[in-house]
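Only one chain is given next, in structure tokens, and it is the form predicted alone.
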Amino acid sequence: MWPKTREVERELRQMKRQTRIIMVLVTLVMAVPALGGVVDTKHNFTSPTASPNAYFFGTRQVCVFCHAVHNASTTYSPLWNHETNGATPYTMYTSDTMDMVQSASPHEGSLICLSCHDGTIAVNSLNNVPGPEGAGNYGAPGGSGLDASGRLTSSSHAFVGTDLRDDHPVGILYDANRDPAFHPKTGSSASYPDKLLDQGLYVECNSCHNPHDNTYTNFLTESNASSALCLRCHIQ
């Protein structure tokens, strides 16, 4: 009888350990915030449900509007697949109080966004069109936010245009030494405000926006409750 009793005790101890492990894993999973994804956002141009104002018929590949696995653009990264507008003239933001140096035009972190949002290029104008179509535009446009060619219209909430004077400045070489109203850089890409700077130097669209995740609405990189995101750079 004793051997069987010891065996049962061992099994009970093992079950308790497994239960503790499961409880820890469940706790960790519950502690991780729910993250959004492109499929459920307005950047899913294959879905009239996710993107009712800008979508394309007969298209099922979600990522293709920005990325290509093969034959991607060598000008922009990562694996960029959308027609770009590097030669488009933009009217940059101006202000008498701006002390930091601004470039004559936006950099990659903004241009990849503006390739759709400035309204000069169709959202479905791709460098490498996959699937059976093989060439030309990828799907026919639908929704009130696009014109017949697939370009964003000025009536769309997502329309930025080429006049950037009424938008947060981009192409800014971040340098708190020029303006004490900003937090100084730390030299660490994992810390603020460096974490928000494009290529470690510039303020661009992707400093505040993450096109893959709309958890915080407006595709913000993090919550802006009480202007928290703004205050990562600006000193109140």
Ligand code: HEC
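Quick caveat, the model's predicted, so the values are computed rather than measured. Numbers follow the displayed sequence, beginning with 1.
There is another form of the same protein, the form predicted together with heme C; it is not shown, and what comes next is about it.
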property	result
In the predicted bound form, the residue from 160, 72, 129, 92 that sits within 4.5 Å of heme C by heavy atoms	160
Residue 168: touches heme C in the predicted bound form, heavy atom cutoff 4.5 angstroms	yes
Partner proximity in the predicted bound form: residue 68 to heme C, non-hydrogen atom cutoff 4.5 Å	no
Exercise: residue 46 in contact with heme C in the predicted bound form, heavy atom 4.5 Å	no
Interface membership of residue 140, heme C in the predicted bound form, 4.5 Å heavy atom rule	no
Partner contacts for 211-235, taking heme C in the predicted bound form and a 4.5 Å heavy atom cut-off	211, 212, 214, 218, 219, 220, 224, 229, 230, 233, 234
